[in-house]
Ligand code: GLA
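In the form predicted alone, a lone chain appears below as structure tokens.
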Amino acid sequence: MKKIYNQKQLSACLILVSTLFLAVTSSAQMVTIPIETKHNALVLQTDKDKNLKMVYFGARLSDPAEYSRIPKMYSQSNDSGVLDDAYTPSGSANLAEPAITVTHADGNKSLNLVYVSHTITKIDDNISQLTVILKDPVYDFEVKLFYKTYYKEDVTEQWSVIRHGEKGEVILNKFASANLYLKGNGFWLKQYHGNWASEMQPEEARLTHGIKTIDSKLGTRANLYEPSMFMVSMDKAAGEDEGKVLFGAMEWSGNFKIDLELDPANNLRLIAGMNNAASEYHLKPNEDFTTPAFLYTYSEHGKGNASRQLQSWARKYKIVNGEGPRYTLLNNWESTYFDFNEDKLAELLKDTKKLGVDLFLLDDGWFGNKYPRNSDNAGLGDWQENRQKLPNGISSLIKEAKADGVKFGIWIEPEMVNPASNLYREHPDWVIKQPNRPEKYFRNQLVLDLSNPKVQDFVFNIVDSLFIKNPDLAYIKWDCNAVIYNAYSAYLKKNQSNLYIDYDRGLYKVLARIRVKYPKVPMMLCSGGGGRVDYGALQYFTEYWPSDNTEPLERIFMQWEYSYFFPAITSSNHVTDWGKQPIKFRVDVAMMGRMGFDIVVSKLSKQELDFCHEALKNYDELKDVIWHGDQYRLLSPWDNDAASLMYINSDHSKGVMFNYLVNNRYGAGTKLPIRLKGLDPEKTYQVKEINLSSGTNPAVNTETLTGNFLMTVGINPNVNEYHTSVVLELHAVK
């Protein structure tokens, strides 16, 4: 039976069809593509010549049909007409910093990219992927732009795939992952710098005209001097809970380059990708060159909201077992360094049980025979147990650990080699070094050439052999201490400029193989500290090592900044003997992540050991909230006498608040109540101080207060010279 529509119904249908059509195209010559998440939108639009523009980035509009009208609201100059291109080529009309520069097979360096088509793939209820195809009208050259969106988390991963069908190699001179175009009344950049033991030092300033570049050319420990994570605030410098801010980061462990160009129209062009310095890439016909993802999230409610979006995304989609558990551990490094044997380790295994943690981690120094690893100048590359130190091998230690009721983990640095090693002498062609120049060492070592498949097999087999011989091995600490000097690959021969890129691709191939065979084994990403903290590598690891500087006061500041980009479950925080603070302060700081110890347990007094036992019980009760809950920063250590932050679980029933004195001047401390965040205003909470040292009075008496009171008035943790760290547990009560 046919359904008969009246005129009113037909008109309504036509309006609906028109609206849906306008969401994709506003004319036969213009295509509008909104890329939406729960709160945000990035909008692409073609012009009359099929050039693809980025016309909007910001809060999502309620009516998708209105996206196509956005460009009409601006009357800014754009002399070349390409400043707002979604992926800006060089060599044609572009006069600004390009996203891509190429040398064609015939030597021509011009490139023009026009829109051909796009497709949207729904991966699941939360994830969608847009693919846009751009082609040069003259050359057989194509770029695909990919935008992978995570709807609930307001997170986007963006990358490009470059391909050509020319007669001969094309040289890629620059090859960005993403090219964003942001509009605002001024832009403020927060970036980071550092070095060994002083990682993640923040700087924030207003961007001026010209190009600001954040980059690295270190090859391996790419984040050592300048991490690839940053924030851009729009209109004004964003605060913790207010302001427009974009968080960006490269998912790449090698050389990166991020260009921020304030153009003549006062808009910001943001171009991010692998660093093209000394890295022109030779691309053969019909081969895909895939760039790493550039990761970003945007918030109109400040830095805290943006960080929670990113943390939630990382736990769910990027970190290995990000929604699962972690081990507490005892590491031997700062108690023995290289000086140990089976007897010493047997005592440390007993101390592991005595302390009450899950796992013992054997650090550097367990390998090498002809060139024994008794210092950092020998042994790397020779991954056989040292017979003098460990006559019965690793397997006997693992058996002893099992008998003591603890698990066993081990340190490796498989990408590196000492010149004093059998490996160096047997395979000099596996080492990155110039053939005719003096060798230059970083920590007395050189880097193996992971662009070489044979070296990839060697590195994989280091890990694989450990697990084959020791099936109960429960943890790997993967270190990387050297940078690449004198870059040269005997394997790559003429295409030496491919080395930096192919090295990291080789590393990821090895790590992917490890994860296929050992998908859930916990692995710490260590690089002499924070030299390799990025989501390109972290997709293969459960956690990272923020810094070799474990002085707890310094760690408060470092962990504060890391937490903007990485969830607490990924931060390896160890209690050590660095600093002059009491054991309580050191333990309280380490609790803000995956807690471990690197101390001589036998030197702890009974009072200190009892405190550690009690703190570990408290940590066991709260670790799920810390690892998987929402984090709120309450009082910044940079601007106050005290630092304060908290974690709350998803149903707002359980939380923990950490408070630390960070200023030792006379009378320093918290004079005012600190307002909490993220609670349910309708719930009532018991607030109780935990981790009390024996014989000391609490800084805060147990209180029962509403969420409304705690978020409106707050609570004073009474941090001062007598109570330098105060930890408060929150429980919702009926």
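Nothing here was measured: the structure is a model prediction, and the numbers come from that model. Numbers for residues come from their place in the sequence shown, where the first is 1.
Keep in mind that the form predicted together with alpha-D-galactopyranose (GLA) is not shown, yet the notes after this line are about it.
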query	finding
Stretch in contact in the model of the complex with alpha-D-galactopyranose (GLA), which is absent here, among 433-441, 382-390, 242-250, 362-370 (heavy atoms within 4.5 Å)	362-370
Touches alpha-D-galactopyranose (GLA) in the model of the complex: Ser177 (any heavy atom, 4.5 Å)	no
Touches alpha-D-galactopyranose (GLA) in the model of the complex: Gln158 (any heavy atom, 4.5 Å)	no
alpha-D-galactopyranose (GLA) contact in the model of the complex: Thr352, any heavy atom under 4.5 Å	no
4.5 Å heavy atom contact, Asn481 to alpha-D-galactopyranose (GLA) in the model of the complex	yes
Answer option from Gly596, Pro414, Gly304, Gly528, heavy atom within 4.5 Å of alpha-D-galactopyranose (GLA) in the model of the complex	Gly528
Listed residue (Tyr500, Trp545, Tyr660, Phe230) with a non-hydrogen atom within 4.5 angstroms of alpha-D-galactopyranose (GLA) in the model of the complex	Trp545
